[in-house]
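Laid out below as structure tokens are two forms of one and the same protein chain, each shown alone and named structure 1 and structure 2.
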Structure 1
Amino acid sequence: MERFAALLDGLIFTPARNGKLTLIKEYFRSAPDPDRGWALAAMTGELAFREVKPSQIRALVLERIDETLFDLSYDFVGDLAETVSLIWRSPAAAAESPPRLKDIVEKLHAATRVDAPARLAGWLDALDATGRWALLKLVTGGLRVGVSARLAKTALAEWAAVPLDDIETVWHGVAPPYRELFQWLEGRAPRPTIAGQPTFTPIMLAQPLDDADLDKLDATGYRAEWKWDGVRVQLVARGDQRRLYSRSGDDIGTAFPELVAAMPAGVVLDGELLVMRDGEVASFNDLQQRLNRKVASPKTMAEFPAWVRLYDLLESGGQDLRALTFDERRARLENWYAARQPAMMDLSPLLPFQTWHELKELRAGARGRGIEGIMLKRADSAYVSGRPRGPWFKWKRDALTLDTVLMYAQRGHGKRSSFYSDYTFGVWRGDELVPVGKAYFGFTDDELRRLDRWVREHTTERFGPVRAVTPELVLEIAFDSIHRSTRHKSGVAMRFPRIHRIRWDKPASEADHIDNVERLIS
């Protein structure tokens, strides 16, 4: 555990990507099995402990620390794991020696909610402050050290000197602590066999495109289709097994059992998951009613009928088609669809155009149809994982903007735990401000420091890590769309809000009114 704690500590204080890769590769080189496998699972989000909850951790620390002192410390630090690790009082002589990572994982998986807190307390006694912090980050499932699942897999590929695609290809055919994976990468065993398993194929993604970049491209070499406002998915049917994966490789089939049951055999498809009613695509807000559920009831399936609009054919009849050009794959997809007419699926149509001007006119009407924008795909492009520059572009519709007033600020996490970096903002309803969204990005480091100072100087009330502020600062918010919501006092909720500009110059009285918001509702 001490070695894993040192890794996390190094990662959180190493901002550069290459530096993080170096730290992870060194850990894979030096850590024993199965510790390194469990560490990989933690960094890729494949490790969870249902036996430990933040409330249990709080209860543990309150057995040894005065509640008021803990609350004050938590308010100042802003992070539960960091607060507990620093304030924890261990006995004069620890009853246990520092545990290995494998011991923690194995014993917690075997524990119940009744005995898990006692095990956790013993480990907290045995570890130093850094070890306690890492332990609590591990068991609560929020490492927040600036490492994505893809970065961890990239480090694994670089450490073993194998292509990242090879790691991605076998990933869903292996399980933590990945003994067979590490044995293969070290040349001690053959490549894990995944033949016939419904494994995930890494998704191909598009680069964002600005209007200014469009004229640099040759219109005759690209195909265009709508960028539908849903969730990118992959449908995999091999043998008698079927899976529905999100773009990150999460199995979401339990929320959409009707789609899984409708998958034709022997195929891997790329598409967009939508809610469809009478041939019309419903709002993303409707789709969220399904995405937020682990199990879908018959009533939910009837109210929010799922649909997949197909983009690509990656595999058919056991044949991998990804090396073919887009035009060749599209022709095969159209033939495959025409022969089978699968339920709850249709084809994403290609948009006819000759010039970029024609495509711009089509894009201008995207918002009125609930479409995110346009996808551009080079006719000769193979299907490759990741986000290569050139083959595919996403040309999104223009963002909407509103002038809002800052209402609340909350401490961030990780490197931002000492800053008020999460902002809730609202618009006017008469003389009252009503919240319409929350954003935590879109500003520079210098702007963050200035915002943090402003929040501290204009605080009116405190609620734990949250501060209410005087309604004086105007934030211009850019967002993708806005929908009605029963969960917000204003009755609306923004999608993908980010701070576009900080209007230090604008009086709060001139911020937008709820009537302006109502006119923008999708």
Structure 2
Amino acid sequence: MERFAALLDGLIFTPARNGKLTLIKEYFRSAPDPDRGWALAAMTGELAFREVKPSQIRALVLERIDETLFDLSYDFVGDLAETVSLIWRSPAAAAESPPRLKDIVEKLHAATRVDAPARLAGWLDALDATGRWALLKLVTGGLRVGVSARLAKTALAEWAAVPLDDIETVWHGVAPPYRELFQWLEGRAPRPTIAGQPTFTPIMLAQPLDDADLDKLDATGYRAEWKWDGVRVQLVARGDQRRLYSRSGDDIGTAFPELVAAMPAGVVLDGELLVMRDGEVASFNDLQQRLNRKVASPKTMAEFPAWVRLYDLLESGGQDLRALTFDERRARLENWYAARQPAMMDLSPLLPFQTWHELKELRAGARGRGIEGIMLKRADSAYVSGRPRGPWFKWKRDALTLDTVLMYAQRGHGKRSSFYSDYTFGVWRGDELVPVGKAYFGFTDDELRRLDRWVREHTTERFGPVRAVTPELVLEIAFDSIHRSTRHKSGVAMRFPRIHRIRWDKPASEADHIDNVERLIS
């Protein structure tokens, strides 16, 4: 447990992704089985306890510490697990040696709500402050140490020197504490068999394409579809099991139970998850309402109806179709769709075109809702996981831009901790600037140094790590789309904002007005 506690402690303080990966890899290298498997399960959200409630933890600590002293301390620290871990007094001679992570998992799973608190107290006695903190975070659910399931799997892949796709492929066919997975990764056992399991197949991604690249390609060899503005998903129905996966292989089925229930048997499908009303694709914001929830209520399902627009068919009737050409898979997809007429799904239509010029015109005319651009897929392309160069391209519609004024700058983290690198920018509403977004990339290192110097020389006020600056510098911001949002003061939220150009030359008075922003809202 001490090693796992040190890992969590390190992760919570290390903001950079690479630093986190280093710590997790070192843990996988040094921790024994099955502890590291349980740790992996905890980090990927596959391990949950319901045996201990916060009120029981409070009761345990008050058996040992005066209530007034506890309350004064809790008031200062502000977090129950941390307060208890620091204030806990172990008896002079701790009866038990510190528990291993596996002991905690196994014994707590076997415990009842009645005897769980006593077990917990024994472990708290045997651990040090960091160990107690990690234990309490583990048993009360939610580690919150800034590690996503994907990051944990990435660390596993890097540690074992295998492609991440390989981990994702077997992931849903293995279970905590993943003994067979670690045995395979260490070359001590064959790859875990996943036949018949509803596992995830890493998806095929497209390369970005510029207009200039287009003329090098032969238009007759490619098929085109709209690039829909939702999230990529994979629907897997094998045997009597059904799963809905995100593009990174997370099972998101509980948030979309109606889609899972409606999934026809015996297929693996690739598509775009959307919210659809009366045949119209709703805004990405509407989809967010569904994605943000772990579980969907009937009201949410009615208000934000989910839909899948199908792109591809990877498996049918137990037959793997990925080696077939796109045209062959498309024909099978269309036949399958015509025969089954599945609910809450339709086909992403192929766009008719003869020349790139025709396609350009189509793309220029498509400013409508729900379209991000165009996908180009080579007619003879097999379905290959990852982002192979050549067979598929995404040709996004031009980004929108606004001229904004820099209002606040915040210090970055890690390598950028001495630089003001996060910029909040606004547009004019009368004589006043209203903030419309925040961006922290899109500039070179040289530009960052120059921006940092400018911020330091134009500071008007400081609020901790944030500086307010004189409203004089114009930033041209590029973004994919802009939506109404109640979360932001200005009432709008940008998708994917980045600094397109720094307009050192342009007077702030010529920056955009809020009316221009309103006009761009989709």
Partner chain sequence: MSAPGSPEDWLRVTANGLYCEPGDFFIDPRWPVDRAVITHGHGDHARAGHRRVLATPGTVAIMRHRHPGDATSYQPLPYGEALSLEGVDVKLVPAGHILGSAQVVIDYRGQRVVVSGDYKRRADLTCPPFEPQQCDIFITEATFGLPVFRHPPDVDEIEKLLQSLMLFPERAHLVGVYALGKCQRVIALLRRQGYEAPIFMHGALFGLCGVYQAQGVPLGALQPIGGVAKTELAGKIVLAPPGAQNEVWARRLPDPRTASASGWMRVRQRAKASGIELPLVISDHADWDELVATIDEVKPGELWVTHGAEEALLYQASRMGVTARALSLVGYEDEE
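Computed from a predicted model, the values in this text were never measured in an experiment. We call the rigid core whatever largest set of C-alpha positions still superposes within 1.5 Å between the two forms. Reference numbering: structure 1, starting with residue 1.
The chain appears twice here, and it is structure 1 that represents the form predicted alone.
Treating the chain as two rigid parts that move between structures 1 and 2, Arg247 and Pro497 fall in the same part.
Between the two rigid parts, the smaller one rotates 27° against the larger between structures 1 and 2, as C-alpha superposition shows. Once the core is aligned between structures 1 and 2, the alpha carbon position of Gly122 differs by 16.1 Å; this is the C-alpha shift at that site. In the rigid-core superposition between structures 1 and 2, residue position Val174 carries a C-alpha shift of 3.0 Å.
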